[in-house]
Structure formats: C-alpha cells, structure tokens
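Take a look at this single chain in structure tokens; it is the form predicted alone.
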C-alpha cells in the first residue's frame, strides 16, 4: 500500500508534466481552473495515474474532483477499495 505522501508526490509529478514546470502544484491547486486542463488532459492524467497505482478509477467519480487534494483522496480511496 502506498502512503499519502507518495500518492501526492506522484499526482504532482504527473500534473507538472502536463501543466509545465513553471506552475506550482499544491494540494489546494484547482486542476481545471488554475492548471487550465481540459477534459482530454484530465483523462490522460487519469490513465497515467491508473497505470502508476494499478487501479481503475470510475469516471463518474472524477466529476467531484476539483483540487489536487480531491484527486489524491480519490486515488487513495480507489487503492483502499481494491
């Protein structure tokens, strides 16, 4: 099982790859608004995270994800449920 810090670091790394290194990623960063990620980029991110953590995240749960912290919580919950 992975700890929260590891999940947060991986999520942040993937977001930096997509948004660019000049963007500071914090748990409160709004993925859509501050990082300007469209739905295609969010799906790409989700696929990368699913591969990294060997989970399958239901797409309907992504509707509730606003911040990096929300995404980390969702990944952790998915890991725990598997």
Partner chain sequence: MPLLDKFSSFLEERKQLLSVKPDIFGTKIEKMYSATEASIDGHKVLLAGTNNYLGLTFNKECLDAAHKAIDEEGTGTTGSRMANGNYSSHRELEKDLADLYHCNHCIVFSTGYQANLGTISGLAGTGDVLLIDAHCHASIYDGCKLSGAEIIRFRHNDPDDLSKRLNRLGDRAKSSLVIVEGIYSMLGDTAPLKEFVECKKQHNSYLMIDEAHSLGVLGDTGQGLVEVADVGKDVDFITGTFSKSLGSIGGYCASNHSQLDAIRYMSRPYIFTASPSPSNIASARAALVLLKEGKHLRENLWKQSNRLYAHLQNLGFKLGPEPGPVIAAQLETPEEALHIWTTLLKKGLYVNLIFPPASPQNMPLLRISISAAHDDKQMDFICNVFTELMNEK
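Positions refer to the first chain, counted from 1. Just so it is clear, the model here is predicted, and its values are computed rather than measured.
Form predicted in complex with its partner chain: not shown, discussed below.
Enquirer: Please state whether all three residues 38, 51 and 55 have a non-hydrogen atom within 4.5 angstroms of its partner chain in the predicted bound form.
Expert: Checked in the predicted bound form: all three residues contact its partner chain.
Enquirer: For residue 34, is any heavy atom within 4.5 Å of its partner chain in the predicted bound form, or not?
Expert: Result no; residue 34 lies far from its partner chain in the predicted bound form.
Enquirer: Can you tell me whether residue 24 touches its partner chain? I mean in the predicted bound form, with a 4.5 angstroms heavy atom cut-off.
Expert: No, residue 24 sits far enough from its partner chain in the predicted bound form that none of its heavy atoms falls within 4.5 Å.
Enquirer: Closest heavy atom of residue 60 to its partner chain in the predicted bound form, within 4.5 Å or not?
Expert: It does: once its partner chain is placed as it appears in the predicted bound form, residue 60 has a heavy atom within 4.5 Å of it.
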